[in-house]
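One chain comes next, on its own, written as structure tokens: the form predicted on its own.
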Amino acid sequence: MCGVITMAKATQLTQDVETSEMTMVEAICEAHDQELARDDRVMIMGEDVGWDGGIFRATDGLVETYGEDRVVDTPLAETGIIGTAVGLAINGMRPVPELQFSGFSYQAFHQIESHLARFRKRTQGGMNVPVTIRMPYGAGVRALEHHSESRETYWIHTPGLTVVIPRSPQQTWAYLKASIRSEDPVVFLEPKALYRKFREPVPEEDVDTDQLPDIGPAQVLEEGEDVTVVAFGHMLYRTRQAVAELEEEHDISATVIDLPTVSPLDSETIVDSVEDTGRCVVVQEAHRTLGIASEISARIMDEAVLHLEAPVKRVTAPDVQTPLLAREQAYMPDVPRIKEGIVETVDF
């Protein structure tokens, strides 16, 4: 499967180069540093990304090294940030704009949907727009309104965009570098609940592009016989905990698939697994209606319905606005809810 190759590639990286234990946010800064040093066309732009080092310190110290022309503090104007990035990319640069929270991206929706995603088609392949938009996203950090949404569906539903959601420091480092080098516009959604959750070995030096993971393939993290469980980003850790507990408590054997890229969606890896297990559970933090879990369910019905032994189960947040503080954890899928969904599917 594609995912196994990608994971082996990542494992080999940490064996071949010097590494340091980093958090996800430190890995973002390291990837920025390496790409700025590697390619003079790369530049970072956004609110407070320069002398303040970004609201989460993901660009800390870079302006001192690369100067204000390449690490650019912008006005508080998301549409201006992305519009400027589009113009820079058309003229040969590789901008990496940061939007402080994904909930602020709505102000830039016109520039992303009407220009960034369409320019290659509009010019019939004559122009690429290699922009990587970083957006901290998701709940779990007790933030305020417009700071905790999981609205990846907006960007998945927009043809012309690649959408990446990493799960770990090492994966974030690798996929951010691959995104910056891509000729396609990328929406890079960073689960901020994972920013400082744990550390992992991350390469301290640059690597060739062919050593980086391919954007697109899913990754098979565990292989089992009873059910296929699909998750990504923050929810992957709760999912793996649920799977580990069920294996011990109920002897349930699960295949666990991570989706570091949600658009384009690697449905082939998912369908191949479902054909083996006959069951599938998809876990997403986002609202239930029209989420990635719904799309995966539809593709399984299209391609593997005769192999199913139970309906595809979706474990999601409810269709309400992300609540504040006290109810935030109750809103997100947790380990008991994920376990319940898996057990119901296996026992169907």
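Just so we're clear, the structure is a prediction, and the values are computed from it rather than from any experiment. Throughout, we count residues from 1 along the sequence that is shown.
The same protein also exists as the form predicted in complex with another copy of the chain; that form is not shown, yet it is the one meant from here on.
Heavy atoms of no residue among A31, Y66 and T255 are located within 4.5 Å of another copy of the chain in the predicted bound form. Another copy of the chain is not shown here, but in the predicted bound form it comes within 4.5 Å of a heavy atom of E113.
At the 4.5 Å threshold, heavy atoms of D276 stay clear of another copy of the chain in the predicted bound form, well away from it. Contact annotation for Y154: at least one heavy atom lies within 4.5 Å of another copy of the chain in the predicted bound form. Taking non-hydrogen atoms only, R288 approaches another copy of the chain to within 4.5 angstroms in the predicted bound form. Note that among 164 to 172, 130 to 138, 105 to 113, 198 to 206, the stretch whose heavy atoms approach another copy of the chain to within 4.5 Å in the predicted bound form is 105 to 113.
Counting a residue when any of its non-hydrogen atoms is within 4.5 Å of another copy of the chain in the predicted bound form, the hits in 136 to 169 run E145, H146, E149, S150, R151, T153, Y154, I156, H157, T158, P159, G160.
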